[in-house]
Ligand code: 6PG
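In structure tokens, one chain follows: the form predicted on its own.
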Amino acid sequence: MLLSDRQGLIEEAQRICLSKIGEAIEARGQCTIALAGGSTPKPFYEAMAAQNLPWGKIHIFWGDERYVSPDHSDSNQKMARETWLDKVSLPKENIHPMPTGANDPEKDAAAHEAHLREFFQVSEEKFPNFDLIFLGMGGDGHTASLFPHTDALTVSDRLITVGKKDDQPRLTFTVPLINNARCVIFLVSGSDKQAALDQVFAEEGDYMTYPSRLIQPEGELWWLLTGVELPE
């Protein structure tokens, strides 16, 4: 869906999000949301902070996290807390950040996977169903911390793995975990994304070069776009 400007993108994201929250709570008594990092979703989070919602029934996760402390300026958790989560009456136990304190990314990835399996009550053979996962896309076609030509793209037997960018580790949802979601929403803004977007939407292409091609969820998939042209 092509929106005229970033404000339109934020309003549409909010509309879909509120609808999915209502549907999830009505159907299952709670709503599970995984957030994205980056600058594009920041005003969306600010808008959500102004909503009056049944916060006790909403659980917040992250689709990826830089391997830094929670108070680091690069932390996705920090940004979301400052713009949204700390401004509403969301119970502490309803916030599920990715751990980054073990000085061992693989260990922290395994710990978060265990937490997800316990929370969703799923066995090792199954993947949980998030109600809503927000994603961004970089100018190189990456999403979450699934970067081009990295091992993380081919992990199919885990929920969480370690992604790499310029040899810097990050924790990230795996492709099958994202694709098991009930709804995935891409928020993409800026002409610098056009070349990658054209390749992601092409009838044929290379997912190792443009990882966002891998995101084909079983549930709904929304692309909310502004500042670009719709690929032909």
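Counting begins at 1, following the sequence as shown. What you see is a predicted model; the values in this text were computed from it and never measured.
Note that the form predicted in complex with this ligand isn't included here; everything after this is about it.
Of 137, 132, 80, 160, which one comes within 4.5 Å of this ligand in the predicted bound form, counting heavy atoms only? Filtering the options by heavy-atom distance leaves 137.
Looking at heavy atoms inside 4.5 Å, which stretch does this ligand contact in the predicted bound form, given the options 36 to 44, 52 to 60, 23 to 31, 199 to 207? Among the candidates, contact is made by 36 to 44.
Any of the heavy atoms of residue 164 lying within 4.5 Å of this ligand in the predicted bound form? No - in the predicted bound form, heavy atoms of residue 164 and this ligand never come within 4.5 Å of each other.
Can you tell me whether residue 142 touches this ligand? I mean in the predicted bound form, with a 4.5 angstroms heavy atom cut-off. Yes, residue 142 is a contact residue.
Distance check, residue 66 to this ligand in the predicted bound form, heavy atom within 4.5 Å: Heavy-atom contact with this ligand at 4.5 Å: present for residue 66.
For the stretch 182 to 205, which residues lie within 4.5 Å of this ligand in the predicted bound form by non-hydrogen atom distance? Going through 182 to 205 in order - heavy atoms within 4.5 Å of this ligand in the predicted bound form - there is one hit, 193.
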